[in-house]
Every structure is written in structure tokens, then in C-alpha cells.
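This document starts with one chain, in the form predicted on its own, laid out as C-alpha cells.
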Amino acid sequence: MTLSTPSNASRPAAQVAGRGRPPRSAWLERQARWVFPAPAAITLLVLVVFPILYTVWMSFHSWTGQIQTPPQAIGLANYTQALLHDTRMWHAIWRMLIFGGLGIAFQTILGVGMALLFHREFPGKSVVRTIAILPMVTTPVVIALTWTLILNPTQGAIPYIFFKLGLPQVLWLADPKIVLLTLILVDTWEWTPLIMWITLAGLSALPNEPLEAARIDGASSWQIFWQIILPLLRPAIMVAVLLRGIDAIKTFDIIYAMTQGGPGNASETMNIYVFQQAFNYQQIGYASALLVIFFIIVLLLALVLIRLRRAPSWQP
């Protein structure tokens, strides 16, 4: 008995009509390199590219933020005013560089030291290490408000300790000479654990053979650290410095919550100055020009740090 294959006439019309057409899944497979990244690319375009382009466009205009008054094109007047006549901006840039430079220096030294400490075994290591990372995972504004209370000259814990020890009272947040250093110390307290963790990960990945060979040859602990461990740790340390360096010069929350750039302009960095120009003085166009200048500074510093990271390892 022979079974006959059903003819096209007996098949559903939809199957006959769709014969020879590629299925939709095949089209998705061919276009996957465009279809799947599209949502992320569109999100990036809307949330990042458009604000940057709009800020650049606004930097060539004068606008007070009033809906009734549209932006007025003024060409390069904002940039001329900022670069040639605005000494307050240059002072803000200088404070920003001091804040970022000293902060990174303190955090790197302390972070590497803490990483070397926690790389060793000692009782209660896990508990102490967990406590050490708490500042890093706490909201910066909460940290700022907490330290503001701690440094309060009438009710703060540190002024009280100074009083009991007979030490002279220090106006940590009201003295223009030390307010920036106080903010640097608070930022160091918060972000040193980040450098510690990155360095600790680098320590865990170091090979044991060079260290064992150095100990057999009679090298001291300092020689092992300076000649072997530190050069091998350089990539991890430079990654930590790169991440913190870019973030430190953009710090806004701690400074604004603790001093708002005061007393006077003693702690006013570039971020604080741009914020005041935009929202206190209603100079939206001028603030946009300052943001463009700030973006260029951050980009140049990031390129310098990347270049240092790719530079050949030093030989102490």
C-alpha cells in the first residue's frame, strides 16, 4: 500500500503562501548586531548625548531661565567672560585641583596601607574589614550631615574632645584657611576603602614565586615591598587612582551639604560655582559655558591618568 503525499491544493492557503519566506527569527538573527544594542544606544543618546549637545548649544546663548524670554545668541561672549575676566572661576578650578590632588594622595597612601594590613591574617579580620568599608557604602549626603554634627563647634564630638584635652578650639568648617582641608579629610574617610579594595584584589592576584625567591635571597620586608610588591601592584593602584581621580574632581554632594562653598568662597570648587551661576544667579547660558570648560578639564585629566596607567612600570 502506497501512501501519497498531499498536494499543495490540500494544504492550508497560509502554508502555501508563506512557502519560501524566511521566518522572523532568521531576520532577527541576521540583524542581531543592530537590533539588540538598539535600546541601549537609544537610551545613551537620550540621556547622555542630547544633554551634552544641548549644553554646548546653550553655552553660546544668554538665558535667565525665564520661559517668557527665549535664549539670545551671543556667540563666544560667555567663553570670553569666563576665560579672560572671571577670576572667581579660576580660583574655583584651583580649589578643585587641590581637593582632588590631595584627596587622591591621602586616599592612595592610606588605601594601599590598609590593603597590606588586611592581606594578612589576624583575629577578627572579617569583622574589621566589613567595618572599614561602611563609609564607602553610605550615602554621601548622610556622611556630610553626620560630619557637620561631629564638627559643630558647640555640640560636636571633636570640639568637645579638644576642650577636654585643653587643646585650642578649631572652627573646622568656618575657618577659610582649613575648611578645604577639612572637606578633603571627610572625602578621604569616605573613599579610602575603595582604593583599599582595588589594591587588595591586586594583592590577591600577585604570584608567590617572586616573593618566595626574594625571601630565600635574604631580602628584607621593605625591600620586598618596594622592589617587588609595589611594581607588581602598579596596574591595580593606577586603576584605583584613575577611578577616584575622575570622581574626586567632580565632587559636589559633600561640599555643598557641608559648606555650600563657604565660608565666603573658601571651599567653592568648579561644581559649586557652576551650580550657583545656574540656580542662584539664573545665568543658565553662562553656567553652560562653564560646564563645557569643566568637561574639557575633566577630559584632559582623565587622558593624563590613562596615559600614566599605560606608561611602563617604574623600577624603584
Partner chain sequence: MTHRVDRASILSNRISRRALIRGSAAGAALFTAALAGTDVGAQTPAASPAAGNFDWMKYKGTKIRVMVPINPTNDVLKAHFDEFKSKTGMDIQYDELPENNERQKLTVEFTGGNSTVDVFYTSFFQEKRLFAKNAWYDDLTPYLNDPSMTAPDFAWDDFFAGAKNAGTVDGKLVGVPTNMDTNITYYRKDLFDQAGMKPPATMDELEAAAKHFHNPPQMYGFVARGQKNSNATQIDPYLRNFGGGYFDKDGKPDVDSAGDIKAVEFYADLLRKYGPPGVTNFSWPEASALMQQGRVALYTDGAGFAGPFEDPKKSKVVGKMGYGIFPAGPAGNFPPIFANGLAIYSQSKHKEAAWYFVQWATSKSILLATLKSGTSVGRTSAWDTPNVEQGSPLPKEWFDSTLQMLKIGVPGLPDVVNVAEARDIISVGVIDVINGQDATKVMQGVQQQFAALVAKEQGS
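Numbering follows the first chain given and starts at 1. Computed from a predicted structure; not experimentally measured. Rigid core here is just the name for the largest C-alpha set that superposes within 1.5 Å across the two forms.
This next part talks about the form predicted in complex with its partner chain, which is not shown.
The candidate site formed by Leu173, Tyr256 and Gln260 is fully in contact with its partner chain in the predicted complex, as each residue has a non-hydrogen atom within 4.5 angstroms of it. Remark: Ser59 does not count among the residues lining its partner chain in the predicted complex, judged by a heavy atom distance of 4.5 Å or less.
Although the partner is absent here, Gly101 lies well away from its partner chain in the predicted complex, with no heavy atom inside 4.5 Å. Proximity of Gly264 to its partner chain in the predicted complex falls within the 4.5 Å heavy atom cutoff. At a distance threshold of 4.5 angstroms between non-hydrogen atoms, Gln283 is in contact with its partner chain in the predicted complex.
Heavy atoms closer than or equal to 4.5 Å to its partner chain in the predicted complex belong, across 68 to 90, to the residues Gln68, Arg88, ordered by sequence position.
A movement of the C-alpha atom of Gly65 reaching 2 angstroms or beyond is seen between the shown form and the other one when the two forms are aligned on their rigid core.
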